[in-house]
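Quick heads-up: the structure tokens below are two forms of one chain, split into structure 1 and structure 2.
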Structure 1
């Protein structure tokens, strides 16, 4: 409200309010004040020009054109708003339907909208006017349906841009259904541009209505709107220009009022468009633990996991043949360069890979339940209560239009059968558990009112709303300073110890993983190339790539006069993987065997697996060999 009051003090706000109030006041009062004068026939004053008695002159029956222009405000505005309401409703439904419907049905709707958008709006309006018939009802439906495709295209684009945000993925992990994700997380975040387009569309609908009435296929006698008055006035443009000027100015002023008002409202609302709760769903009972599963079974079992995406040159396989297990209370770190497949592996385990991506695995189980073959409904509750995910960027981890407490409470309402108050109370408890100061107050604040570290804590708190058996942390400290990084990592470690939840930590920082995790998985070009205990990483690492990662970690004792070390070359593209070992082109130990055959991940000792034809055997980390290219970093 304070922002709205501030905007009303600006010239834009003042003009918008004054014009809109004037138009609405005329729409309400004009028929009452000038209604009799507008319909009074005066045969002695037929087709007169402007005068003191008749400001715009009279028509063929001697009726006052100024009064008729004012009275026509109600019908013109009302029909335009009704047509725009139809267009907005139909357009929003068409634009957001692909996010709710099955893929094939969604693609059909997108194709229909794309075809309709290719036609000019006025041509569509004329087509629908012929279909629905001449008259007021036909014109309203014609303009409404002609406006819908353009609005649907805007809604499609906006909803697609929001659907990829982290908070939408978090809601899906929490088991929120597609329709509720659309209503709670997508529509509020695209409301501002939709409001702007709707108000601009109201002005356009007003002009379109005037055009149809001008052509004689809109409002019919004895009713009249600005379009009919404009058509009658143009017939006498050379003898009485004011007869056409009055309705024309009315259309321009009313359209300007809608546009300015829309800009003012959008600026005032920002991204805070409130949306009432449209759905009330009965909470599903907690998913039972599968028979035969116990605490000794792996929480996550992955065997032969692959993720593929279609490209113009064939299938790209950024994850290929990944195999590992994750036990209760165990912390496993995944390290590797960008593009090595770390995040995609985690997203596949969370069932967040959507078409056209294809996930395949010999075995992919979470809490003893197969993730690829089980129906989505059966897994929704299990994933919503037993899987927590902490995303890389805390800024995008939460829906900016909803308060933090309500976003946490949604999990309890969805899966634990708690009411609105009970779920919010639980959310406050979880915020306190992750050491957010003043949790009762913070629960009523928006994400932008939290610092980066507090947002990350709150994201962990969201995962604790259920009873997580697995926490996937995808680069949880990348956007944070080193002090907050340490706090977040300590918090994850404490949560793991308190709840016996397994933790899968994805990071570029091999030092962080070494200090935080029990085991380390080193990934390169979509495969695990080494798997060993974190405590023995620096001494027992035998893969040249692992040694290279260790070598480029800055050391406080290093010579500051020498440039920082980097790994020479670049990882191969998923669409152009070599025939043999993917690291062969960057490895000093590579032979013809490495370039022709890809080594498999095999055990080389207790808790140690390796995929390399020529592993490094010396215990000292050969950090200055030829495979580390030292380049200036000034």
Structure 2
């Protein structure tokens, strides 16, 4: 039922089903309705072209070709299904046998299947056609056996994946025999994908059969299927092309019906990811930005930044009006739970949000240049040399097919007009600078030959190819283990001191941020809720959320190896934000005012901004505030 509904969900699926039912109905009914007409010899109408009486003309005995094409449906479809049945049966046996047989025999079968799969079906079919003899029976067997290795491979893969599941392992440990495990547990689980594959395979078998008959190896006269009619028609293509084209169209339509049905079921049952990833498309059209850097020249100036994504239920706005500036050489950390919008804020500031995401801001300037109004082309050199990115996972962030050195050198080649050799020399220099040992040799290696920490260092080195004024590091240490984390953070710090670049460090780990940064921005549900100097975080933090974050880190100096504490409750979905303060559901201080009016980020003293109606006043006293519900660990 689920399958049927999945199939009927799309217009294409409906078409496919209707087409398939038509073909099957024709296969049943055509010989009954047109059978007599198809065999009626008419010596007065030999080899005629298409006419009102004979839509596709007549053959050498004056038989009506249209009727013959329709009648041939039964044989063509029937033979294809028969061949498919043989293929699936033999294939499933071969594919699942290794699970039952002794290890060595199983391996031989797997090896033979692997070799057979490499040969194209038609070649196998010809081979078996020779062995089984020319004719209908031989062709059915030939196509059946020719498709078997493919199904064996599918069955093998499927049963291997099922065999790994817990209940199969449990059954095995409980002493259930291999054959029983296969029949009771494995086969039922691989039946569905096998049937889907067989449906697609039936279309292919239909075409192969037409091919064999067309070559004269399949169905023999006086029987006829589409391929046979087609072969006869080809000889007369000058006088009556319809004789060949009619059965040709029939083959294609029927083949398509099977194919489409199979494909749509497969697509509907498989995983479909409508939005492959939240972040995937070019930067967005945005509000015009007032030009001109009036006051002092911060490296990054962000005002009213928002990021929106279309979802099934309307627009989601995971970043809603973020405002901050980053001075030259300043290190600012952004903390918050996952989903707080901190990474998106960083990506938006770097102009790396892709369609369908939309970025808007009252002001977004890097080094005095508006980022949103200028076309990408004009900003390329500026951003390519002055803004460096360090991403979370160094394993996936390097191109696996290019050597590390080349990936670094590219920056200098693209933006600084260096030649291949000069750029590579600089890359080696930068690798040395980020303390990659044996940099000249390392530059010629591929990313997979680097360890995680080394890759992250190389990534930082890549940012140093230009003359960075800002380094945006998005969870740069999350994917690394603790000792390496420290090294990478220390390196970032060192680089900042050496180059006077500003750093925007995104992290869910408040301890990391306080250690490395001058200032901390705390984000919640797409907003900055508190902004204060890192050194005074523990004493001056006044937002209940900041305090909760601090509370779940037992001791800032403690080992960060242990899992972080979790604040009870979950942040609201970006598509379903409450009217008032977004934190109200989880906040012990929440009042009716909180639930109706949204607090804005306002200065509450030197270097301190806060968005809360009821700031926590007993600053610094107890980080384990009893009034905030806190779970110590997961």
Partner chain sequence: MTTELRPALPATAVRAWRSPWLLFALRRLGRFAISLWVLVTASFLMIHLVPGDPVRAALGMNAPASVVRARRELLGLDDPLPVQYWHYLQGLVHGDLGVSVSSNESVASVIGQRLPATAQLAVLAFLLVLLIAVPLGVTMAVATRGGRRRGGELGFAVSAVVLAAIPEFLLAVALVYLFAVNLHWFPVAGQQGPLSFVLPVVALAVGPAAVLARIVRVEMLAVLGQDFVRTARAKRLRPRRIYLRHALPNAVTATLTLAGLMLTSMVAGTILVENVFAWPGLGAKIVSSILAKDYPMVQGIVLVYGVGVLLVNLVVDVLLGVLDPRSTIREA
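Think of the rigid core as the biggest set of C-alphas that the two forms share within 1.5 Å after superposition. Positions refer to the first chain, counted from 1. A quick note: this is a predicted structure, and the numbers were derived from the prediction, not measured.
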Form selected (criterion: the form predicted in complex with its partner chain)
2
For residue 373, is the CA shift between the two structures at least 2 Å following rigid-core superposition?
no
Given a superposition on the rigid core, I'd like a yes or no on whether residue 445 shifts its C-alpha by 2 Å or more between the two structures.
no
My question is whether residue 435 is one of the residues whose C-alpha shifts by 2 Å or more between the two structures, given a fit on the rigid core.
no
Taking the rigid core as the frame of reference, how far in Å is the Cα of residue 231 displaced between the two structures?
6.0
